[in-house]
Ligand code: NOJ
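The chain below stands alone and is given as structure tokens, in the form predicted alone.
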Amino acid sequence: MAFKEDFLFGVATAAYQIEGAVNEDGRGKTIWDTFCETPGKVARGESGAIANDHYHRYLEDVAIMKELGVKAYRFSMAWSRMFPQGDSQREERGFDFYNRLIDALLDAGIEPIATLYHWDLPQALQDQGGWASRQTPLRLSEYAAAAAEAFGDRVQKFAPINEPWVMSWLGHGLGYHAPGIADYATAIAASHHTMLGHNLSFKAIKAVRPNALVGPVLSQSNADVDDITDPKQMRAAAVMDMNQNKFWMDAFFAGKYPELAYELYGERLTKLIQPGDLDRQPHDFVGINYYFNQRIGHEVAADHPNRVRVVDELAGLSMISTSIGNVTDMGWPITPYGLEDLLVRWTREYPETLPPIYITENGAAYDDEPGEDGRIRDQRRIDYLNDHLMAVQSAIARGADVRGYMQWSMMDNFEWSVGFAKRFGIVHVDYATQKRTIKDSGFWYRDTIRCNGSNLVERIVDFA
């Protein structure tokens, strides 16, 4: 099997994870700058203040992408580089940087795909209520219109928000990510307001650039249930699926929230909804970020360290979530079959409204370092990417309209609250010297792109 000739193979990154230069050229402070400055929030006290210094080294990084033969680069723009306070006051040096980056990509024959918001909210907007406030979606839509006007002559695909579930629930419900709030009512407000912010941004972009392609980018996971005869485990799985998957899919492709959301969120959700908020937009694509399935196991004590905390709060159930089998350096299980399942599932559940699908993130963290010869032999990452691309091929064969795949990540980078120790890249970065070295997985990905995936091999793997 091979992918079609026009299948869009690419790589992905995010601004705060690679750009650095946080105090240069008028960039405003973000919630991640503040989070990193807060003791105990990020491993080893690390931050993205320098990161990969991509702000100054973007031409080198584009040259590496060209060497790898990638057809597309999904990157995020730092809102606070262009609007330091998140208001109408522009910083032209920020616009200039993204103009230079986009032009360099096009000169290299690489399609730029822009994410407008990848979690780095201007701190000034957080100080005014952040995603708990209805004003933030309005500010996002204004920023989206300005970005579409400035870059839409060269950028065709725009995603207003990356992974609204992660930033809503890990940032506002559990406090693991910026802004570090642990309050479920705030997480529910952020969930609704990110949905609203996306819809408003969709309309704002289309008003400026009617031919632009706009879609949501969603982090998704299936529930792997230990015992499907256990009603508690099945209930927990349903809650997990609603919270992470169906809340967003129903909102964007059915124009409503699932009934279970109203049952569990109650007035914390209903009080937020105003007429028109859930009007379904005619999306041009949907991006799916997939890494692993979520295990749902037997019930444990509420203070058990490995319980599913969102489910624990919402459903009144404390279920074990410890991974089984091989895991990546993030401790995440390796479940490529879950990606196929999701792609086929959405194709069947939203037959009339689901647009073309792009895998906008997929990858694995492994800490392989250069050997004595300088070569980085990361076979585990090659196996991971092979198996997930095979899952995409299988889903396409079963009817899923998947148009592209963006590997995460183009290079090692700042991995949010766990700092620099977790390496997702197909390009190694020595953070002391900023030297970039293509890993074996990078050369493998180059070869995969060249042959449109005809080199993929079906491996016999025990995922249990």
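All residue numbers refer to positions in the sequence shown, first residue = 1. Source: prediction; values computed, not measured.
Missing here is the form predicted in complex with the ligand; even so, the following discussion is about that form.
Three residues, Glu163, Trp332 and Glu415; all within 4.5 Å of the ligand in the predicted complex via heavy atoms? Spot residues vs the ligand: full contact, yes.
Stretch from 186 to 194, 335 to 343, 130 to 138, 283 to 291 whose residues place a heavy atom within 4.5 Å of the ligand in the predicted complex: Result of the contact check: 283 to 291.
Pick from Trp408, Phe35, Phe420, Tyr58: which residue has any heavy atom within 4.5 angstroms of the ligand in the predicted complex? Selected residue: Trp408.
Within 4.5 Å, heavy atoms only, which of Tyr143, Trp119, Phe158, Tyr358 is in contact with the ligand in the predicted complex? Comparing distances to the ligand in the predicted complex, the residue within 4.5 Å is Trp119.
4.5 Å heavy atom contact, Ser441 and the ligand in the predicted complex: Looking in the predicted complex, residue contacts with the ligand do not include Ser441, since no heavy atom lies within 4.5 Å.
With the partner left out here, which residues of 165 to 193 have a non-hydrogen atom within 4.5 Å of the ligand in the predicted complex? If the 4.5 Å heavy-atom criterion is applied to the ligand in the predicted complex, 165 to 193 yields nothing.
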